[in-house]
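As a starting point, one isolated chain is supplied in structure tokens, in the form predicted on its own.
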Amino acid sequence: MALDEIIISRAIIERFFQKLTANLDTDVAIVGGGPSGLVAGYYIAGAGKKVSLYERKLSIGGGMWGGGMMFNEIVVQKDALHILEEFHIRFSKYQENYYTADSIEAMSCFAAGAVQSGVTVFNCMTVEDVMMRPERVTGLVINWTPVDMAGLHVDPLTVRSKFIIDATGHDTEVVKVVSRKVPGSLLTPSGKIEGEKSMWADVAERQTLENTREVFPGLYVAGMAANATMGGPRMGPIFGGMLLSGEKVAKEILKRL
């Protein structure tokens, strides 16, 4: 049977708009497609909730693809090995409490696991604002990343969500918008973004989990965004805290849904 280019185009357009319209109103919207966001989405969607994830880049995965300085291996401590096992990611013991995994395999499995659990991923989309009501944040204002990069004056669209997770890493993109534009203060010591500190892996891994929390009504932080918001240090290419943060934020939100 001959292939028709118009049918190919129509199939892509119709199927995409089915995804888009089905996710205009969701239980949880995750911003940032790194490991913490994908793990959070996996557990929330796996519990039967509607989850959409927005990634500004073409590819999801955050910094995990490159391992440490483009050496494509990552380190995970013992406490987080159960998450690697959940996603069927192979790992090897290096020494006590230090386990390594291939970053390409790990990121591929996290991405596939999240999508197959029911997370709908929208890549090349930027969150430029939030939708607010007097009592809380209620949604995201989205646009195409190329529109943002080109500086074009194109109005965005809006999606509604019961809860939002900022998993944008060092940039804390959603928290910055809320801190700057939404009335009220963040649930941080100063009421503002405390800012990321320099590297201290041991403290950072512990605080990543401690700092995973609701920082404004309706808005949670996970992964490196949690430390950057609450003033914790960075951790480098060890990812146990990131994975455990995604698991924790999923559990916290599922209790409230």
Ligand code: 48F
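Treat the numbers as computed from the prediction; the structure is a model and nothing was measured. We number the residues from 1 along the sequence you see.
There is another form of this protein, the form predicted together with this ligand, and it is not shown here; the text below is about that form.
J.: Is there a non-hydrogen atom of Pro35 within 4.5 angstroms of a non-hydrogen atom of this ligand in the predicted complex?
T.: Residue-level check for Pro35: yes, a contact with this ligand.
J.: Does this ligand come within 4.5 Å of any heavy atom of Gly169 in the predicted complex?
T.: Residue-level check for Gly169: yes, a contact with this ligand.
J.: Answer yes if any heavy atom of Arg213 is within 4.5 Å of a heavy atom of this ligand in the predicted complex; otherwise answer no.
T.: No, Arg213 sits far enough from this ligand in the predicted complex that none of its heavy atoms falls within 4.5 Å.
J.: Taking this ligand as it sits in the predicted complex, is Val31 near enough to touch it, meaning that at least one heavy atom pair lies within 4.5 angstroms?
T.: Yes.
J.: Counting non-hydrogen atoms within 4.5 angstroms of this ligand in the predicted complex, say which of Leu84, Val127, Leu186, Met132 makes the cut.
T.: Looking at Leu84, Val127, Leu186, Met132 one by one, just Val127 meets the 4.5 Å heavy-atom criterion.
J.: Tell me which of 213-221, 43-51, 187-195, 59-67 has residues with heavy atoms within 4.5 angstroms of this ligand in the predicted complex?
T.: Stretch with heavy atoms near the partner: 59-67.
J.: Even though this ligand is not shown here, does it sit in the predicted complex so that Val137, Leu244 and Glu247 each have a heavy atom within 4.5 Å?
T.: Heavy-atom distance to this ligand in the predicted complex: none of the three under 4.5 Å.
J.: Taking only heavy atoms into account, state which residues of 186-206 are within 4.5 Å of this ligand in the predicted complex, ordered by sequence.
T.: The stretch 186-206, when checked against this ligand in the predicted complex, contributes no residue at the 4.5 Å heavy-atom cut-off.
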